[in-house]
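Given next, in structure tokens, is a single chain: the form predicted on its own.
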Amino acid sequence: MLSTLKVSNTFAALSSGFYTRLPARGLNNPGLLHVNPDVAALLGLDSTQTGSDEFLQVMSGNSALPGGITLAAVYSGHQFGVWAGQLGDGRAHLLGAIAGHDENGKPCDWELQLKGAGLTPYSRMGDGRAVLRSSVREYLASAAMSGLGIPTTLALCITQSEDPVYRETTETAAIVTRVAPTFIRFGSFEHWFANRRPDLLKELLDYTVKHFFASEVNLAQNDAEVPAMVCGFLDCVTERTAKLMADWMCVGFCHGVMNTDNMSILGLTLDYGPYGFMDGFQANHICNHSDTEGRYAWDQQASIGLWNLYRLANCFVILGVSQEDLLKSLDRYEAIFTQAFQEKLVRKMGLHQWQESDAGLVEQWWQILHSQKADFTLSFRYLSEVMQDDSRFLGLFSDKTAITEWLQQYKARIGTLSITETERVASMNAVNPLYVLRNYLAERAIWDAKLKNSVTIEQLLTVLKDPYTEHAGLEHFAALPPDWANEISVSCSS
């Protein structure tokens, strides 16, 4: 059935130093936990194909993708601000790319990568496996971000097994099949800069521009045109990264481990590990228990995005690009981020158009949310209804005095708008989700998955696909977290 698909692997056409060809190491007695039909549709896969034993064997690492070339890629990177040297796909196998279409129906190729498919030459001290817990979290997170309209890698399916995997405790193995146009990351370029291989750095740059930035950047026809190509490419990556940071922060998302090897060159959300959507807002919220210094806290993400871009830009010095030209590309970052963040915030708060006097109103908003640890998602969502009934909104705050005084100012500001109340509410609800993947919801899905029950996953995919609309019978997925959720801790092993 899968043999009818048009499969390629253009990455495998790069010089052999970019990867190691090797088969995946499959799961024993695998079972298919869940398939995301929307992602399958992008690949041209129907339910007959995804329900076949052939599909199960390929996605559990026991068979190769027909027509594909299985490999693990090498890259390097900075981890928690420190150069970590050579890294690479330590538990991921790229199967190949399937010719499909994007969300707009435009033809495109989608790479399939098995995460958790066994040892590779880049596993270092790891075992090459992924546990069911982390696989469910990644599977759901990619769907959540997609539903929010935030650029992300996707996840096609989860296969699971009773194979033991040893982490803090003994867990069971799983593989999540990740989908993206490419999994090239900042660290892919850093690797060749660190190894002083301008020839292979240029080869990677040419490949990336040709396949993923052809409509935005011109390939260099000679050495003299290389600096212009590099700067055009860096302009694109800078803009995508800045906008991605604004996207994350405006939904209360924390990635948790923004190392350069976890930064997509396409500006996608990549490598879901110790991520988290904030419940009670704290500007300095740290979602990753392993991040003891708070390097990747919510309010640090924009600056870390730029720091990572500096590491990427520095690679191209060995191609003869001047630091002055590279800095011109990076200097655009702050303005792009600020504009994107402000535009999103204006819509989220229903202000319609930004006025200079709004700065104080917005600053007080963040201060009150922070001081009272008000729920990030529902505070924005319920703000849309305060002109008719402010009870649900006020119920999110322990100190009614401070928020009531602020609300009076906010209502006065809303009273100056030229749009109707119906238009304002609809506009706010279109950008303020009711449903996000809170940690406790992911935890419930994990509990069921351990019992080979995918009902919670199915229900969550329903609300996360359209998080801005109320779903009858699924209102409980929009509830505030229970007390036991405070005990949930995620770390780099997540």
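Note that residue numbering follows the sequence shown and begins at 1. Bear in mind that the values here come from a model prediction, so they are computed numbers and not experimental data.
There is another form of the same protein, the form predicted together with a small molecule; it is not shown, and what comes next is about it.
Contact annotation: of the candidates Asp163, Asp223, Asp325, Asp127, the single residue with a non-hydrogen atom within 4.5 angstroms of the small molecule in the model of the complex is Asp127. Checked against the small molecule in the model of the complex, the residues Gln301, Ser123, Ser379, Thr172 give one hit for a heavy atom within 4.5 Å, which is Ser123. Stretch 71-79 is the answer when you ask which of 147-155, 71-79, 365-373, 291-299 has residues with heavy atoms within 4.5 Å of the small molecule in the model of the complex.
Shown alone here, Arg413 lies farther than 4.5 Å from the small molecule in the model of the complex, counting heavy atoms only. Using a 4.5 angstroms threshold between heavy atoms, Lys348 stays clear of the small molecule in the model of the complex. Heavy atoms of Gly256 never reach within 4.5 Å of the small molecule in the model of the complex, leaving it off the interface. Interface residue remark: Arg392 is not counted as part of the site for the small molecule in the model of the complex, having no heavy atom within 4.5 Å.
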